[in-house]
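Only one chain is included here, represented as structure tokens and corresponding to the form predicted alone.
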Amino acid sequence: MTLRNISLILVALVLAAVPVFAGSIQTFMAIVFAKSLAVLGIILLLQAGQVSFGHGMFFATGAYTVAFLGRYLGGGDLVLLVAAGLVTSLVLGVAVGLFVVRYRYIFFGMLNLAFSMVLYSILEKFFHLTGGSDGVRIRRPTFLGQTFDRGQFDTVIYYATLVMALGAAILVWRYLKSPLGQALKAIKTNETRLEYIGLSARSVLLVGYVISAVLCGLGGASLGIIQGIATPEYTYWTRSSEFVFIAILGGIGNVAGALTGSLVYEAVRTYAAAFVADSWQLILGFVLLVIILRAPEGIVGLATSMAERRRASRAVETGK
């Protein structure tokens, strides 16, 4: 077993032990896991050199699916609600993706932004159905038919989001290593050569786009259940920009950047807001400036580079 695998297992064990030894932060960590799912979708698209400023629409789709279905079922079951959020975000991802994958770069980003703002307006204006800016309340669901009180359910949703976040990270990592994932990266470097070998760049990008939409939908469904509400703010442009911000902060070259960036972002936002009131955005701005100027590969990339330099230094010292 490699050192990397051992490290991953240790990280998973530490995270699994959080409700036992640090129960007070389990809701905070569940929010981190939920957002990391959406950021993972953004990182996936960035492999093809495409930036979306509208993936909040899939985030909101997952949350509102949970809200409406839960209201119809009188609460519903966690597994069913999350699965429904996955399906609706997949359907919307295919519908929007068939149109936007024909465009690249700024046009790709702006079209996604336009779609997300259309959805935002619909959610705001149809208040008799969507609750307008107040949103829709999400009742606490059961889990596999079992009912839990607030404290017990916080632990259930923590482990559910942890499993989804780690499982999604592994699946995306394997996808990016596959021939289809390599083709997705080729769109960024030389799309024409991809066409020469018989692969449709649009089809390759569409697959990546739909996967990213599903990841955002899962994140939105999870965060909606955690917070107990779905609001139009989930699809507002600031939410989509937040995902891009976190992806750059954590590092776009590694799937671990999604979880790392989400953890640092939420920690700075939570604790900076507690100490400097309304100025936490200023602190986040400085953090992002330092990352871009001093470590453009993000926090994970910086840590990887430091580890490689340390290994090289040791090799020189030992004469190997």
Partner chain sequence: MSFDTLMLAICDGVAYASLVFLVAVGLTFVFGVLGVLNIAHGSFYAFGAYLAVTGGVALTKAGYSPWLTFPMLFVAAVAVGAILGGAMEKFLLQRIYAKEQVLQILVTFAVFMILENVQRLIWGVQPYFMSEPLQLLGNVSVFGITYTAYQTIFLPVLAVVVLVCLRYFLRYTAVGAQILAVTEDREAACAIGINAQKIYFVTFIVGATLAALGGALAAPTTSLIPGMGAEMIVLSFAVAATAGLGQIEGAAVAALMIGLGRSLAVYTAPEFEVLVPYILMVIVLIFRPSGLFGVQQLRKI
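Positions refer to the first chain, counted from 1. All values reported here derive from a predicted model rather than from experimental measurement.
The next section is about a form of this same protein that is not shown, the form predicted in complex with its partner chain.
J.: Exactly one of V172, I157, L184, I248 has a non-hydrogen atom within 4.5 Å of its partner chain in the predicted complex; which residue is it?
T.: Among V172, I157, L184, I248, a heavy atom within 4.5 Å of its partner chain in the predicted complex occurs only for I248.
J.: Please tell me which of I31, L46, L69, V264 lies within 4.5 Å of its partner chain in the predicted complex, judged by heavy atoms.
T.: Of the listed residues, the single hit is L46.
J.: Please name which of the stretches 32 to 40, 256 to 264, 289 to 297, 60 to 68 has residues with heavy atoms lying within 4.5 Å of its partner chain in the predicted complex.
T.: Contact criterion met by 289 to 297 only.
J.: Can you work out whether V244 and its partner chain are in contact in the predicted complex, taking contact to mean some heavy atom pair no more than 4.5 Å apart?
T.: Although its partner chain is absent here, V244 would touch it in the predicted complex, with heavy atoms inside 4.5 Å.
J.: Could you tell me if T147 has a non-hydrogen atom within 4.5 Å of its partner chain in the predicted complex?
T.: Contact check for T147: no, nothing within 4.5 Å of its partner chain in the predicted complex.
J.: Classify M110 as contacting or not contacting its partner chain in the predicted complex by the rule of any non-hydrogen atom within 4.5 angstroms, answering yes or no.
T.: Yes, M110 sits close enough to its partner chain in the predicted complex that at least one of its heavy atoms falls within 4.5 Å.
J.: Please determine whether M117 contacts its partner chain in the predicted complex, using a 4.5 Å cut-off between heavy atoms.
T.: M117 belongs to the contact set for its partner chain.
J.: In the predicted complex, which residues of 116 to 153 put a heavy atom within 4.5 Å of its partner chain?
T.: Stretch hits, in order: M117, V118, S121, I122, K125, F126.
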